[in-house]
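Okay, so here's just one chain, in structure tokens, the form predicted on its own.
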């Protein structure tokens, strides 16, 4: 049995290029007792992976020649373990590969009673996976929301930002998004049902635009972008405001990060800023997934997927994230 996979061919310098990745055939060994063969149907492309292509990040750097890592959905096609019965749909960190052999560690079977109807199987690597869980724990644990407060979210049309806005609405917050372009702004207003959304591409002064939408200030800023958007938010925070750092997509390809320019408000307004790696909450994943699934099923929370067809499209789909091509969770279907 052979698998196709994408490996890291060169460390990106700035924006990744197609030549930074290489497609290979990989011969798989025969199955041993206690193992199963999984055929992958969908893989994720994640902007947060960018740092590990160049150096150490929240995990060690990906090695040259190693399979590019990502979450995936697959079906067990042959099994020699009761943990993974044939025909089961599963999710795990399979990477950019068409097939994987697993002994069950790190692989989760999808419960048909949960993943059906409005909760599609691909939600396991989207709104019910790392993006949705990041929004859930980042807002609830680090944001410490209280009803009536004002929540501002950057990259509001992305899978993390859109989920954070909706959870904020469900918790009784005033919700304001920042997104780029009219289509994304309309999505945030019409589907995500935020109270307001700022098209940063149409603003000459983003800090002033935030001030117009939140004249009394911002209690919680959920940041996925960094850079100028983070600075504009800092200038609009209320005393005691909380800043949740989920991602810094504007910084990932920069040789020298722009960083924060406005630091004094952290003193004068007693602000707090904290980041998170969602895997620190692994033991609480079932709690969050059950709550998110209930919100989806009762129509309180929606999610959108941007699915690209074809295994060969993986590098281009990943690179396109940094050109703001996607609307919703970007996945590649094999």
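Residue numbers count along the first chain shown, from 1. Worth saying up front: this structure is predicted, and the values here are computed from it rather than measured.
Below, we turn to the form predicted in complex with a further copy of the same chain, even though it does not appear here.
*Asks:* Although a further copy of the same chain is absent from this view, report whether residue 213 comes within 4.5 Å of it in the model of the complex, heavy atoms only.
*Replies:* Flag for residue 213 set to no.
*Asks:* Flag residue 248 as yes or no: does it have a non-hydrogen atom within 4.5 angstroms of any non-hydrogen atom of a further copy of the same chain in the model of the complex?
*Replies:* Yes, residue 248 sits close enough to a further copy of the same chain in the model of the complex that at least one of its heavy atoms falls within 4.5 Å.
*Asks:* Please tell me whether any heavy atom belonging to residue 142 falls inside 4.5 Å of a heavy atom of a further copy of the same chain, as the geometry stands in the model of the complex.
*Replies:* Although a further copy of the same chain is absent here, residue 142 would touch it in the model of the complex, with heavy atoms inside 4.5 Å.
*Asks:* With the partner left out of view, is residue 275 within 4.5 angstroms of a further copy of the same chain in the model of the complex by any non-hydrogen atom?
*Replies:* Result yes; residue 275 sits at the interface with a further copy of the same chain in the model of the complex.
*Asks:* Of 192, 237, 230, 173, which residue is found within 4.5 angstroms of a further copy of the same chain in the model of the complex when only non-hydrogen atoms are counted?
*Replies:* By the 4.5 Å criterion, the partner-contacting residue is 230.
*Asks:* Exactly one of 202, 263, 109, 77 has a non-hydrogen atom within 4.5 Å of a further copy of the same chain in the model of the complex; which residue is it?
*Replies:* Flagged contact: 263.
*Asks:* Thinking of a further copy of the same chain in the model of the complex, which stretch from 267 to 275, 305 to 313, 30 to 38, 289 to 297 has heavy atoms inside 4.5 Å of it?
*Replies:* Of the options, only 267 to 275 has residues within 4.5 Å of the partner.
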